[in-house]
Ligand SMILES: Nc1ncnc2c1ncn2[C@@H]1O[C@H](COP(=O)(O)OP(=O)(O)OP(=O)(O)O)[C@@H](O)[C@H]1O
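Single chain ahead, written as structure tokens, the form predicted alone.
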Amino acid sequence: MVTMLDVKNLKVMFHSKQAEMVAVDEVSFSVRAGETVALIGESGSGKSVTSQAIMGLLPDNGRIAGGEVSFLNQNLVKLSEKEMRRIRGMKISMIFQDATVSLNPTMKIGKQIVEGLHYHQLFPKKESKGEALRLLSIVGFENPSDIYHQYPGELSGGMKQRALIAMAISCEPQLVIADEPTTALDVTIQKQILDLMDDYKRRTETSILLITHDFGLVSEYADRVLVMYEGKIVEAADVFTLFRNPVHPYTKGLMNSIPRIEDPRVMLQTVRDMAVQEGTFEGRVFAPEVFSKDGVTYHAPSALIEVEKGHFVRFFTNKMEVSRT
């Protein structure tokens, strides 16, 4: 199967007047053609920064300090801004979590879709409106001609998100990065939006990198899962393996923080990390409560290691139980 995206040892840093901070630390993963890979973790774990680095959209105080981001064997890190503009939208597109911010409030929906088609010179001007109407129909609008002439402020949250997806798929990209695409929507609209994206993926063999903190969405739509914490991937597996046998305490903490109707609890488990004193092994960033404080368990390997076929875990120790069933 063709590898669309291959990220190797990606390191992203942000600087201020006082210091420079590592936001993404030696992250490696791949996304194959027609596959949905979920990047999951708490807010601040480095998920969105990873996507910004892939797209070449880091803020001014951010920089890629190391690693490669290869799209179909082309290293995006080495491309100029002009070269990246030809790739954004055309080959790789991004769906942001807040359509209200992402859409231009002063431009009608149709014009915003047409603008992308014109920029990449995919359709003559006289044909671009028809293509925009077709795209609005594909994302579920029963009245695309009405939506075409409306401003974003006239649409509901779910409608704006559909319009944003229409823009994202307008150039038929090979990879779509969806950064928390349903965060601002209610549960019913969330499912409609994700079903729409999943249907489009299956029909076109488009690859999707789904960035989220919601394990419920991951279980239904992802093929593989990468769990991220403090700028590092701490566990990686296919979705069935991860839900059958989560190994890393952080992954278990995330899963156990989800309320379940069949297992009501007075108080949900939370993910807590303990202070780690100097002298622990290099790269140590996660010391959950299940680890002892005496330092003995702090000598686990800091690299991702394979604990079963296709299942990788960071900071593996004999304190972590791996089910072989």
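Just so it is clear, the model here is predicted, and its values are computed rather than measured. The first residue of the sequence shown is number 1, and the count goes up from there.
What comes next is about the form predicted together with the ligand, which is not displayed.
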Which listed residue (30, 61, 70, 257) meets the criterion of a heavy atom within 4.5 Å of the ligand in the model of the complex?
61
Non-hydrogen atom within 4.5 angstroms of the ligand in the model of the complex for each of 220, 242 and 310
no
Considering only heavy atoms, tell me if residue 304 and the ligand come within 4.5 Å of each other in the model of the complex.
no
Under a 4.5 Å heavy atom criterion, is residue 44 part of the interface with the ligand in the model of the complex?
yes
Considering non-hydrogen atoms and a 4.5 Å limit, does the ligand approach residue 49 in the model of the complex?
yes
Can you name the residues of 143-160 that have a heavy atom within 4.5 Å of the ligand in the model of the complex?
none
